[in-house]
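Shown here is one chain on its own, the form predicted on its own, set out as structure tokens.
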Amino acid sequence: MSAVSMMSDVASPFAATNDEFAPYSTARHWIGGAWCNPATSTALQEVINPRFGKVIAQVKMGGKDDVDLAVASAAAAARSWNAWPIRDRAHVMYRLRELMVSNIDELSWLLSHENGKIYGEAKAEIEKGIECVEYGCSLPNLAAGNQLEVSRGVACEVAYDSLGVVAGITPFNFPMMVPLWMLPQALVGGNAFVLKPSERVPLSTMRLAELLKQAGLPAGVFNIVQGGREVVEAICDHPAIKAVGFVGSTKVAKLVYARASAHGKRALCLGGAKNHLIVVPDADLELTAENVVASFTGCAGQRCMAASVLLAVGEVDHILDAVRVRAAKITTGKDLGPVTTQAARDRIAGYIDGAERMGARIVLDGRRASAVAGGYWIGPTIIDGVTADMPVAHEEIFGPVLSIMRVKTLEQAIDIENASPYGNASSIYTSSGDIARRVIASVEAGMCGVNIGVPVPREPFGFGGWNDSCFGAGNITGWDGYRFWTRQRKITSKWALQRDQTWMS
């Protein structure tokens, strides 16, 4: 660690207990259980509180040298960490859970300030992260190897072994939850971990590092390298990193998957989405209106599970009117947070402008919404009369915008859904079990909802889409996640000579 200068107390608890602007510590690397500056880089990037458009902190941007240092630290720690019994490794997750529960308000406010989510959404993210940690606590029971006598006197069994050093690259929209999609399974599986958080939201994971240390995780088992593209590429290229998890845009997911795989690594990379909600005339009015609005406005639409297109089948104007009325009641700043950058705000408004120029009707317009001066605000927006040639119909907007496409039949709705290159999520609103089954069996989506507009699987069920929403096999959470971060060791044993013989004799 001589190449870096060690720091201390740079991730102290966040003091703010409301929305009023509050600064935080400079984000640095966490390597070998201590804070440190980049080895050679002097580059800084601002961390912006989107509610105010003001700098809340700075992040010291690292590079390849820092990845090398973090991997060396992780490799040294992995050897002894993997020797811990799995139950002892899981006990660290138990203690982490208790620390997260006892500090949930502080963690929620910190996340809200760095990401812009309203407090309730930030707290819900921390609660989901806690749920992921709880799943990690259960792994000693779930990961017990199977054994079977396959022939007279011959037994086969399976054990799960660590990979060694693994890494995760996580996005801006869920600074705490997405790292915790990966960490419990990877750590309980006996690996050491290198995390590259989004440089736009590096603060929540700083507190996570401190909490893991308090929970008893040995130094070097968890490391953070701050940075951008250079760090991502170094993670993909490093020969000692055996697996990479990624969550972000489809464009970058493809690049990370290709580069990591080319170096012989396991890679599971989740990309973007264009989720469709199908509404039929027999859908429950109140349930559908409430659920659709929550789906497209929650987290300011900045989530891969958000509703993007509503496929209105037949005569459903009474439901669409209810959706508009309910969305119009949302107060920007109170019920809806900002998007994370001015560029994102301008891009979203550009999509709305473009749809209007092409003949769509803006039935609810959020382009002039505001709440706090300097913030990046855009209100709930509903666009009706959208056609397939409009960008809002097929490109990921990542904002609180709902595009309505009208179709005559359920089959037409399914065809539109299946024409999308993405395959993350799709939902059907209906009172008919038959219609629900037909849709779920037909749509090209890895996660499906029935009267649920954000069909995120709860633990232990795995999170993951299809097609251009996921590159790599399996899901990133649940049992698939544990199997991704571990490797199977198959053991065949025989301890005595048997009188009868088989081909295994």
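What you see is a predicted model, and the numbers here were worked out from it, not measured in a lab. Numbers for residues come from their place in the sequence shown, where the first is 1.
Below, we refer to the form predicted in complex with ligand NAD, which is not included among the displayed structures.
Chemist: Heavy atom within 4.5 Å of ligand NAD in the model of the complex: which of 294, 252, 130, 215?
Modeler: The residue from 294, 252, 130, 215 that makes the contact is 252.
Chemist: Taking ligand NAD in the model of the complex as the reference, which of 276, 200, 345, 238 has a non-hydrogen atom within 4.5 Å?
Modeler: Comparing distances to ligand NAD in the model of the complex, the residue within 4.5 Å is 200.
Chemist: When the contact criterion is heavy atoms within 4.5 Å, does residue 463 count as touching ligand NAD in the model of the complex?
Modeler: It does: once ligand NAD is placed as it appears in the model of the complex, residue 463 has a heavy atom within 4.5 Å of it.
Chemist: Under a 4.5 Å heavy atom criterion, is residue 113 part of the interface with ligand NAD in the model of the complex?
Modeler: Looking in the model of the complex, residue contacts with ligand NAD do not include residue 113, since no heavy atom lies within 4.5 Å.
Chemist: Give a yes or no for residue 308: in the model of the complex, does one of its heavy atoms lie within 4.5 Å of a heavy atom belonging to ligand NAD?
Modeler: No, residue 308 is distant from the partner.
Chemist: Taking heavy atoms only, is residue 477 within 4.5 angstroms of ligand NAD in the model of the complex?
Modeler: No, residue 477 stays farther than 4.5 Å from ligand NAD in the model of the complex.
Chemist: Quick one: find which of 151-159, 203-211, 105-113, 172-180 has residues within 4.5 Å of ligand NAD in the model of the complex by heavy atom distance.
Modeler: Contact-bearing stretch, as computed: 172-180.
Chemist: Within 380-410, which residues have a heavy atom closer than or equal to 4.5 Å from ligand NAD in the model of the complex?
Modeler: Sequence-ordered list: 396, 398.
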